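A lone chain, given as structure tokens: the form predicted alone.
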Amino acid sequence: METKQILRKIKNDGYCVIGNIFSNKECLNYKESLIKIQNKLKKNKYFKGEADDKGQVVIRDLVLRDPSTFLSTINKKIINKTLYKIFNDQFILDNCMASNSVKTNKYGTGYTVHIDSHLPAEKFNNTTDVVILICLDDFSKENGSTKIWPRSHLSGIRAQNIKLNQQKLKNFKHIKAKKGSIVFFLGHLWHQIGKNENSLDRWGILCHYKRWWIKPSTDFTKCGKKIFKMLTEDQKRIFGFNSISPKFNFKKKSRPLKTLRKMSLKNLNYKQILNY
């Protein structure tokens, strides 16, 4: 599918499914790593599963937990190209997380219909957030595929903050996508985790991007020297290293004038960048 077609679909419906982006081998490697991380977290007394009792497994900050595996998910060419067209601006990573739908009797007591964006922008040009879902398994209604409300991105409504009309709530679709597909959806599109009915895995990686001037849910500029050295120039930008707020220099009584730095970070080390 060409970029123009992708953009047209996203603009009209709020989402777009594109098949055959990640290979079966890549999906298997990602999934194996997720299961290892999940097993480690079960033994971590400091980790609290935020949605374990709601029919969803959530693992955030994948690019910090296993950068050698998951850094490859955040700047795929087709993803970058489409995001630039949507934002027409520099963007940063809000989070890179994994989600799996789990069969439970408590479905409906957890997550409501919601949007991920801070603002329910009615105009496409004002989009502040975009989510890319990477399907590591086949997604279907039976294994709890994400529910979406097509064209709800045009409503100007932050779904989780109001009581929604029951008729409107019926107009959803389950994302249907094969393993290796990606799904673009706007951050202000109404969505909700689906109910897992057959106990089969439905692992997905969710890469959430924001405009550079919005504070991300995790400060990836604090990734440390080891991970910083692993980053490409493009990944440094996506981590937010080009958009760190300037520090006031008390000795010189001055500071850089701009937050957004349209410059190469290739020859700057980790400490130099953080001291901007």
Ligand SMILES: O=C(O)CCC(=O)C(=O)O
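Just count from 1 along the sequence shown to find any residue number. Everything quoted here is computed from the prediction, not taken from an experiment.
Below, we refer to the form predicted together with the ligand, which is not included among the displayed structures.
Asker: Which is the contacting stretch out of 77 to 85, 164 to 172, 96 to 104, 151 to 159, given heavy atoms within 4.5 Å of the ligand in the predicted bound form?
Answerer: Looking at the other structure, the answer is 96 to 104.
Asker: May I ask you to state whether L206 is within 4.5 Å of the ligand in the predicted bound form, using heavy atom distances?
Answerer: L206: contacts the ligand in the predicted bound form.
Asker: Consider K178 of the chain shown here, and say whether it contacts the ligand in the predicted bound form, taking contact as heavy atoms within 4.5 Å.
Answerer: Looking in the predicted bound form, residue contacts with the ligand do not include K178, since no heavy atom lies within 4.5 Å.
Asker: Is D116 close enough to the ligand in the predicted bound form to count, meaning some heavy atom within 4.5 Å?
Answerer: Flag for D116 set to yes.
Asker: With the partner left out here, check for me: in the predicted bound form, does some heavy atom of Q56 sit within 4.5 Å of the ligand?
Answerer: Flag for Q56 set to yes.
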